[in-house]
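Read the single chain below, which is given as structure tokens and is the form predicted alone.
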Amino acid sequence: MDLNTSFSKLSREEKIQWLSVSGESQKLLTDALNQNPAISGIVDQLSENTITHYTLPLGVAPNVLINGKSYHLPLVTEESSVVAAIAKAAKFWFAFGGFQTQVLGTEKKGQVHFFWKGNKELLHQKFEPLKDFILLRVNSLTKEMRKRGGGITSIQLLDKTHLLTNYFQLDVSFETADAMGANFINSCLEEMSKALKQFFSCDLELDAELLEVNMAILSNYTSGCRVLAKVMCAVDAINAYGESLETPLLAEKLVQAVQIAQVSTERAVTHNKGIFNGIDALALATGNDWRAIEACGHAYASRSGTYASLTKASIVEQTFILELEIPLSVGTVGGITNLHPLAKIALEILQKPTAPELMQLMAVSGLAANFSALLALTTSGIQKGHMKMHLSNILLQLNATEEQSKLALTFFKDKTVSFTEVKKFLSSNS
């Protein structure tokens, strides 16, 4: 392709040819695209330079009891053990009343970042009329959101000059109802930056040349948009579960495992990754921004100055308690939640939740994944269950027959699984 030719202007077929992949790969790309024409036309428009659609499994963890109501969680993940882990945890906790959740807040944030070289006291004196002027300017943008119970809840002037010379923020809080609200928030903030410049230009006491607006953008650190999920049962119930795995005092071991993740950054990263196995899978299924969710969650895990576990575990009066408090900014309207057919189906499976309800479901998905991981780590080890699922992937990769797969599953039940060993087994049973 000539460097003067835009790749985006090429047809799909021309893009694939330009990439110089094999004929077999070209056919696979085309076949994957044509699997479901009803979906392909919509999905094509969600990104740019699309050559095909990348498929991931959509599984379900059934009968997850949350606040007395049973849900089936749709989960998109390629990590084979995640769905099984969440389903296993849900089955265990069902007998003890399931998961309890509570939304702690739904506030979202954004900032106009600017530099002011003038008199700081004068800026603070002018802030109240400036705020009124800004709210008037964005009134038309917030009208529909206010009808749905959302809108702008506060605007603050933050002096950050101790961190960066002449640096200030307009710190704005939003409520966005059932929308994730990114476009709404960014539109408001950009209009606010224009209003800020106009106000300085019109005020006779302010010198507009001393003002420099750098950017206006939402913050994905939504610490005011948090949810709490927890489970609890008698220590004896956990210990009895552990005894079947030859692990007495299991409740104490689970608490210790979480404490380790609270004091060891190396462990905390893997610990929290396991939580996001559950959260991300549900976020993907419902068309939510899992990247923003993860970025915020990891920042929240560092709020004390040290990266630590997002879950807490304790034993209080012979009751084992495991809980997760986490920021989750999600939406059930707008974005691809209303565009992607499978995202709409996922929300239908969840009984069409509101955004606060989806926050609770995601937190439970993360807590369930964490519990199963902790249970495995403190008993039989993580590899036993993980490699059992991994064996299926290896057999699929090696094109094992149905009969070979049955034999392999039996043979490797109590043996270490590796690609080499599975390949050797299939060779001897061909």
Ligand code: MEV
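These numbers were taken from a predicted model, which means no experiment stands behind them. Don't overthink the numbering: it's just position in the shown sequence, from 1.
Only in words, not in the display: the form predicted together with ligand MEV, which the text now covers.
Visitor: Picking from 372 to 380, 55 to 63, 39 to 47, 393 to 401, which part of the chain touches ligand MEV in the predicted bound form when contact means heavy atoms within 4.5 Å?
Guide: Within 4.5 Å of the partner lies stretch 372 to 380.
Visitor: Within 4.5 Å, heavy atoms only, which of T337, N277, T222, Q360 is in contact with ligand MEV in the predicted bound form?
Guide: Here the answer is residue option N277.
Visitor: Name the single residue among E79, E107, D171, E191 that comes within 4.5 Å of ligand MEV in the predicted bound form, judging by heavy atoms.
Guide: The residue in contact is E79.
Visitor: Indicate whether T270 is a 4.5 Å heavy atom neighbour of ligand MEV in the predicted bound form.
Guide: Close contact exists here: in the predicted bound form, T270 approaches ligand MEV to within 4.5 Å, heavy atoms only.
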